[in-house]
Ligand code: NAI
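Let's start with one chain on its own, the form predicted on its own, as structure tokens.
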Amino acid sequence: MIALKTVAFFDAKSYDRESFSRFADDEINIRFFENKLNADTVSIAACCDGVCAFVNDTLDKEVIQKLAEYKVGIIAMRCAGYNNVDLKAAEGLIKVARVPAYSPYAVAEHAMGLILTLNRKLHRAYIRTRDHNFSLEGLTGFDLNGKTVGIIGTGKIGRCFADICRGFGMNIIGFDPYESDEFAGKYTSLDELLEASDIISLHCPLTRENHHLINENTISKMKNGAYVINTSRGLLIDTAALIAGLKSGRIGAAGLDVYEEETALFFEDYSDEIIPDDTLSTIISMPNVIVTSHQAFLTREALDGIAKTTMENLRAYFAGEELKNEIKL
């Protein structure tokens, strides 16, 4: 039996409370806060034993040093990605754990949903028929069967997405520095993938090497009219270059569940305000672009998987057991 431990849960939403309540126990006291974790809010974690953070929380050197001063022992990331954590600053001060896998199907299915919606103009058709406009003008799509999809990143999510594409009869090619025997497609170089793909879908983690992987240069190598889908991390795409590609017609459509400057906006309701981000306003206004607010992970199965693994990480740490999902440099 371990003594009661307190964990500050940042950027808490109603769906977080619901899923984590199903895996709660009497040994860990979770205190839910709506605030995102950053230098201005880190003091909330004073007197806590751990913090639980998400993709748009800021865990830079300043925040981590403050957490260490408060004697916070663990940062439990309730997500797979950790590009927002300064691991170098955390080394030797605070343990950092993550959820390496929850439901790869959730993200993969959302990526296909973006493709189907963009291609068959379902978003535009929905609005039309609500206004009693039953014209089919401008709603022509194309068969996915026989088209080539290029998958960048063939981890669990990328492989699930490939399996879905195979069900549509698509030709599947992929690029990943770490190739997998379980990938249902053919590996190519990045340049070959860009040149051959009708649809390019990003499923790779964000690293220093692939920051702005989709940029002016890589866009210039794409097949004319190619679709770009991103359900991974916003900084994989140079948004200014993407907009230029959309305007020129080099990119036929874009489906984005993430955005490189999303931190201050996504997961919040600004429907009664004017968004100060002109770039985001521009891209949302384009008829061949769909932006969803980082919701690809949002299924009941994924939320339960995230909560279960996060709580297991916290229990293991507080019990002095092996932290299997610890992130190390």
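Being a predicted model, the structure only gives us computed values, none of them experimental. So that there is no doubt, residue numbering starts at 1 and follows the sequence shown.
Form predicted together with the ligand: not shown, discussed below.
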Next on the checklist: Can you work out whether Phe297 and the ligand are in contact in the model of the complex, taking contact to mean some heavy atom pair no more than 4.5 Å apart?
Outcome noted: yes
Next on the checklist: Given that the ligand is not shown alongside this chain, does Asp176 nevertheless sit within 4.5 Å of it in the model of the complex, heavy atom to heavy atom?
Outcome noted: yes
Next on the checklist: Considering non-hydrogen atoms and a 4.5 Å limit, does the ligand approach Ile200 in the model of the complex?
Outcome noted: no
Item to check | Partner proximity in the model of the complex: Asn210 to the ligand, non-hydrogen atom cutoff 4.5 Å | outcome: yes
Next on the checklist: By the heavy atom within 4.5 Å rule, which residue out of Gly141, Pro205, Gly169, Gly225 makes contact with the ligand in the model of the complex?
Outcome noted: Pro205
Item to check | Of Gly73, Gly113, Gly185, Gly153, the one that lies within 4.5 Å of the ligand in the model of the complex (heavy atoms) | outcome: Gly153
Next on the checklist: Given the stretches 62-70, 269-277, 36-44, 289-297, which is the single one in contact with the ligand in the model of the complex, using a heavy atom cutoff of 4.5 Å?
Outcome noted: 289-297
Checklist entry - What residues, if any, in 230-257 have a non-hydrogen atom within 4.5 angstroms of the ligand in the model of the complex? => result Thr231, Ser232, Arg233, Asp257
